[in-house]
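Just the one chain here, the form predicted alone, laid out as structure tokens.
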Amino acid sequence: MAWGLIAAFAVVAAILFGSRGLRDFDPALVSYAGATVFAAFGLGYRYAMWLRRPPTRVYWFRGWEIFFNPKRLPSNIAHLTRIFWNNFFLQRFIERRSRMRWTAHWFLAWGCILAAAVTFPLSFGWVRFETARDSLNVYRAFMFGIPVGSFHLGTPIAELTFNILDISAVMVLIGVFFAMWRRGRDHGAMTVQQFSTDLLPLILLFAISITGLFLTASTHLMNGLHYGFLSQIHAVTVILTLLYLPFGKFFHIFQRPAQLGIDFYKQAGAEGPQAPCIRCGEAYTSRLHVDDLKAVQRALGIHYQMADGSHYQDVCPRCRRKNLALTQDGLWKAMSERGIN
């Protein structure tokens, strides 16, 4: 609860500060801002609960410790840049699974990122536009109350600025199409998919995008016909998505960056001392991984300490399989000697 309230108050403080005490805040967008504050509370609450799990907590703090190690920090920053380019910009982490999945994910991800980069600053009052005092054909852009540029109507910059949300909506619709196309043809995905976790997020993204495009169509093609009704429908879809954000599949947007630490963890483990098997003597993983795994098991109340003081995690997987086979063989022999079939 505390972390959720901290996240919510941080958003409120950012709105107050960025909008210069609400002077640049548009009251018509108060519902969007309110839903965002609630979403921030839910995200902070759930993220804190997620970090309370012993495995997540150990890997989280260990990842930060490894990344900010003074001796490794320059190389870690360079490695983070490569990871960011491959996994964030190119979305290659999902390309390994299938080309269709990657296409859908890329359009969905970048369409949502583009829309969020525009929508949240506008709804918070961080960015605003107004016509110039000496010309109605010139728009001035302000960020945090500071003028950052101007452009004339009818120019490419003006068209891009006024239609950037339409571009993001088209990108999201393309992603939704490919995602639904894959799910409709992949029998494996159809057997395990669930409405609340697999289909509802796509429906929400489709609803936001299509109602946003309807607003543009009403403005440019229908002389503003039903614009008020369409704007309310669009607001409802956006607000429902924001309320759903912390509790559904969209939460992985905030979980996924934490997985970048796994690469640093593996790299540090490979470069550090290795753990030899107490049975065969061969190294099978990093000492860092074994020690952290023991700590996680102790936190979970799992005790694999053996009678001679050694630990079961100090045995390599191959020797564990051998021990299992030897134990089963011994039990079969004992049962045979006692005449038990």
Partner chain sequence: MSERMFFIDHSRCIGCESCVQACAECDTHRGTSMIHLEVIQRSESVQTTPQVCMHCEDPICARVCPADAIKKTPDGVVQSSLKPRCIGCSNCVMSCPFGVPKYQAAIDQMMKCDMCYDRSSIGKKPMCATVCPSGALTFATMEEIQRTRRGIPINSWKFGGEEVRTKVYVMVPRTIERVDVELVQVTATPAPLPEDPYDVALMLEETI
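The term rigid core refers to the most C-alpha atoms you can superpose between the two forms while keeping them within 1.5 Å. Because the structure is a prediction, the values reported are computed rather than measured. Numbering follows the first chain given and starts at 1.
What comes next is about the form predicted together with the partner chain, which is not displayed.
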property: Partner proximity in the model of the complex: R133 to the partner chain, non-hydrogen atom cutoff 4.5 Å; result: no
property: Any non-hydrogen atom of I302 within 4.5 angstroms of the partner chain in the model of the complex; result: yes
property: Close approach of L80 to the partner chain in the model of the complex, 4.5 Å, heavy atom; result: no
property: Touches the partner chain in the model of the complex: F93 (any heavy atom, 4.5 Å); result: yes
property: All of W50, P55 and M306 within 4.5 Å of the partner chain in the model of the complex, heavy atom check; result: yes
property: Stretch in contact, per heavy atom within 4.5 angstroms of the partner chain in the model of the complex, of 117 to 125, 204 to 212, 253 to 261, 161 to 169; result: 253 to 261
property: Contact residue in the model of the complex, chosen from H234, R72, R140, K266 - any heavy atom within 4.5 Å of the partner chain; result: K266
property: Contact set, 162 to 195 vs the partner chain in the model of the complex - heavy atom within 4.5 angstroms; result: D186, H187, G188, T191, V192
property: Per-residue C-alpha change between this form and the one not shown, W332, threshold 2 Å, rigid core fit; result: yes
property: Per-residue C-alpha change between this form and the one not shown, R320, threshold 2 Å, rigid core fit; result: yes
property: C-alpha of M306 moved at least 2 Å between this form and the one not shown on rigid core; result: yes
